[in-house]
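This document opens with one chain alone, in structure tokens, the form predicted alone.
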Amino acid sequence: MFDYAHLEALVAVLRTGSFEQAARAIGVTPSAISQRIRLLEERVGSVLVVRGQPCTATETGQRLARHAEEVALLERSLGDDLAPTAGRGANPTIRIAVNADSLATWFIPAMAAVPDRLFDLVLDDQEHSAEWLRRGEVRAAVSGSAQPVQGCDGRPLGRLRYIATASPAFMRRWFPDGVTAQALSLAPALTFNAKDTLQARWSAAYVGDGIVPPTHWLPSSQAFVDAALAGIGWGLNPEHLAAGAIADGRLVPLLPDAPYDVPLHWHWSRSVAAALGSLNRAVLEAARQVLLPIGEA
């Protein structure tokens, strides 16, 4: 058996990145944190924390930290079931992988609906977020894949609709004769990061395959909208974020009736399924309010 105080110190160091911050979070001295980590490392016979700025976990440290987080979730869930009106200690933390556009459009209300949990969000493209679950580094994920990871369950969330948009001035400058393959190959695009293929997939679906435009790299959902409004480039913006600017003419679609829908799914680890019940319900409801149903045009 592990000493919970030692595991708590490990999780705090890895979450805050330093022994000093961990000490403040728990309410002890840095020397106490150091001693707890040392005793835990002696207990398992392995280094758990790589000291640095920030401190990081070894593979064994990551496994122990994940174990501690799962135990905290399960104990809180058990306490809620056995004594729902009793006072509770610190709220447990749930680590989740989510794509930036979901976070910017619909995921925050799901978090707000579960006030007795803390959240540690990992941002990654929806096509890659399931890898975090597969590695056991998160307890749940918003994913573009319908196939659940081994040891996990999943539910469809809906389709996040994107509209290829640009400012009216940008359209006049770069697409005076319409949105053609040649024009798209010259007009600056907006790209979130190296994993973002939305612009290429939209171009292939509506104009032509193999178009490689010059691009700006903007790893922010709101910056995408702001950059399009400023006339810096064109990009696929979530309809929910761009609707106001489209309605008042500050942004215009590159092509009429040419949306691009990305199906999203919610996956969660079976090992903590009972502890995630309220979050699962909140996520499904928040997604229903914004996303389009999967399977409908």
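The shown structure was predicted, so the numbers you read here are calculated from the model rather than taken from an experiment. Throughout, we count residues from 1 along the sequence that is shown.
Just so you know, the form predicted in complex with a further copy of the same chain exists too; it's not on screen, but the next bit is about it.
Novice: Looking at 260-268, 58-66, 243-251, 225-233, which lies within 4.5 angstroms of a further copy of the same chain in the predicted complex, counting heavy atoms?
Specialist: One stretch meets the cut-off, namely 225-233.
Novice: Though a further copy of the same chain is not shown, can you say which of Gly178, Pro168, Pro219, Gly151 has a heavy atom within 4.5 Å of it in the predicted complex?
Specialist: It is Pro219.
Novice: Can you pick out, from Ile108, Val71, Ala183, Ala146, the residue that has a heavy atom within 4.5 Å of a further copy of the same chain in the predicted complex?
Specialist: Checked against the cut-off, the match is Ile108.
Novice: Given that a further copy of the same chain is not shown alongside this chain, does Ser278 nevertheless sit within 4.5 Å of it in the predicted complex, heavy atom to heavy atom?
Specialist: Looking in the predicted complex, residue contacts with a further copy of the same chain do not include Ser278, since no heavy atom lies within 4.5 Å.
Novice: Is Pro156 part of the interface with a further copy of the same chain in the predicted complex - any heavy atom within 4.5 Å?
Specialist: So Pro156 does not count as contacting a further copy of the same chain.
Novice: Please check if Ala274 has a heavy atom lying within 4.5 Å of any heavy atom of a further copy of the same chain in the predicted complex.
Specialist: Output for Ala274 is no: heavy atoms all beyond 4.5 Å of a further copy of the same chain.
Novice: Phe119 versus a further copy of the same chain, in the predicted complex: is there a non-hydrogen atom within 4.5 Å?
Specialist: Heavy-atom contact with a further copy of the same chain at 4.5 Å: present for Phe119.
Novice: Is any part of 122-143 within 4.5 angstroms of a further copy of the same chain in the predicted complex by a non-hydrogen atom, and which residues would that be?
Specialist: Just Leu123.
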